[in-house]
Every structure is written in structure tokens, then in C-alpha cells.
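Next up: just one chain, as C-alpha cells, the form predicted alone.
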């Protein structure tokens, strides 16, 4: 791939070497980019260096280090990201592009943009990818290959910076790249991701389940796969997108109650009608 903006001479820094940050680094390094990192644990730096996931890294946040980089990608929880920028917003080089992987946008993007110097640009994005495992030791670029990548620019962003992040998504081999407003993103994510996690958590919390594994089929197993959840990250995401999530939960509850009423009233025609609609819409997601 011949990128015009994400060129091989760019110096790239990833802040936060977890699953996503590590997978970004591993993918970019394999394609010839030089990637460095800042993360909390020296053992993660050592693992990443020994496995050619990064060139080098540090656990210290120093201006002399951060100011070397042209593209800085933040793979942190949203509140930690906000705190990091608040503390170190003057550490970036002039003309640097800042990017993130955060699962909420409206409550962080404008705050981050307003804290940065005028000569540093923040183009937000959200890789719709992950696993039920964590940490750089589980990094896997293959999680991006069938996944969606959402960019949420603001009126502060230049076309060149947006194109650079588009090229980042293509280089990481995301299957589909979309551009949404922060508001559109948060509405879609509340429905497609946060609501589904709420449903899975609620199902698993309904009954003591240690014995259910002896009786279950694939349907329950598939439906609750994402109930194996990072409670620190997801509770933060739910609250940062609270109004949108509550709106989507009400939408689901109302539709669930419709189905409940059809069953209670032996209304087989409306039950079948809802099932036919479900089957029709699900076909769009079939791979």
C-alpha cells in the first residue's frame, strides 16, 4: 500500500500497550513502520521489544521523548486519556497528529481538542475490534481484518489529518472505514455495542449459572460471549455515554415488552411478523 500521508518516515508513538495498542503496534511494525510506546509496566515494554512489537519504549512521560513523534495514538481508557492530555498537552511537537481508540466520543473529543495547542491536531477514531482477553501479550492484528473502523472528525480537523487516519485504518486492514459525527458515533455505539453488553451482563446475572453449562447449547453461549467483561472499562464507557445508552435501553425494553405481550396473548401472527423482520435484518450482518 502506497500511503500519501501515513508514510514510513513518520515516527509513531502508542500510549498504552494493551490489547488494542499492542495489536496496532504489531500490525504497523510488520508493515515496516517504526513504532515506539509509553506504557505503565516495564515488563510490557520488554515483552513488546523482544517480540518485535515495538522498536523501543518507556514507562516515563518525558517531553524530550514525546516531542519526537509525528503521530501519537492513545490506547487508554477515556478518563485516563483526558487526564494524560490535561497534564502533558504541551509535550507534543508542532504539527503532531493525535489519535485515539476510545469507545465514546462526545464527552472526550471536544475536551481534548480544546486542551491541545493550536498547532497539534486531534482526529478521533474507534476501532470496532477486540477480544475477551487483555494485554500486549495477547496482541493480534487479525482482529482488525473483518472489523469496522469509525473516524469522528470535528470542524477543527484538516482534510490531510483525516486522510492520514483513514490511511491508518486501511493499513491496519480494517474491512470498512466510516466517518461519523461524534453524536452519530455515540448513538450507534450505544445500540450496537453498549446495549448488547448490557443484555449479555443481565442474562448472566439472572440465574446462578455454574450448573447451566451442563445443559446449554450454542445459542446461550453465543449470546453471552461478551458477558466476560472488563468491569472497569465498560462501567466507565456506560457512564460517559449514559444518555444515549439509556435511550437505546428504553428502545430495547419497549420492543421486548411487545414480544412479551404477543406471547402472553397467543398473538402468533404478530410474533411471526417480528421474527420475519428479525430474520430479514439479520441477513445484512451475515458474513
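Positions refer to the first chain, counted from 1. It should be emphasised that the depicted structure is a prediction, and the values quoted were computed from it without experimental measurement.
There is another form of this protein, the form predicted in complex with another copy of the chain, and it is not shown here; the text below is about that form.
**Student:** 90, 216, 114, 154: which sits within 4.5 Å of another copy of the chain in the model of the complex by any heavy atom?
**Tutor:** Looking at the other structure, the residue within range turns out to be 216.
**Student:** Of the residues 76, 188, 120, 172, which one places a heavy atom within 4.5 Å of another copy of the chain in the model of the complex?
**Tutor:** Here the answer is residue option 188.
**Student:** Heavy atoms within 4.5 Å of another copy of the chain in the model of the complex: does residue 83 have any?
**Tutor:** The answer is no: residue 83 has no heavy atom within 4.5 Å of another copy of the chain.
**Student:** Spell out, yes or no, whether the shortest heavy atom distance between residue 212 and another copy of the chain in the model of the complex is within 4.5 Å.
**Tutor:** Result yes; residue 212 sits at the interface with another copy of the chain in the model of the complex.
**Student:** Should residue 30 be counted as a contact of another copy of the chain in the model of the complex, where contact means heavy atoms within 4.5 Å?
**Tutor:** Looking in the model of the complex, residue contacts with another copy of the chain do not include residue 30, since no heavy atom lies within 4.5 Å.
**Student:** Please determine whether residue 34 contacts another copy of the chain in the model of the complex, using a 4.5 Å cut-off between heavy atoms.
**Tutor:** No, residue 34 sits far enough from another copy of the chain in the model of the complex that none of its heavy atoms falls within 4.5 Å.
**Student:** Among 254 to 262, 34 to 42, 53 to 61, 66 to 74, mark the stretch whose residues have heavy atoms within 4.5 Å of another copy of the chain in the model of the complex.
**Tutor:** Selected stretch: 254 to 262.
**Student:** Select from 218 to 249 the residues with a non-hydrogen atom within 4.5 Å of another copy of the chain in the model of the complex and write them out in sequence order.
**Tutor:** 218, 219, 220, 221, 222, 223, 224, 225, 226, 227, 228, 229, 231, 232, 234, 235, 238, 239, 242, 245, 246, 248, 249 sit within 4.5 Å of the partner.
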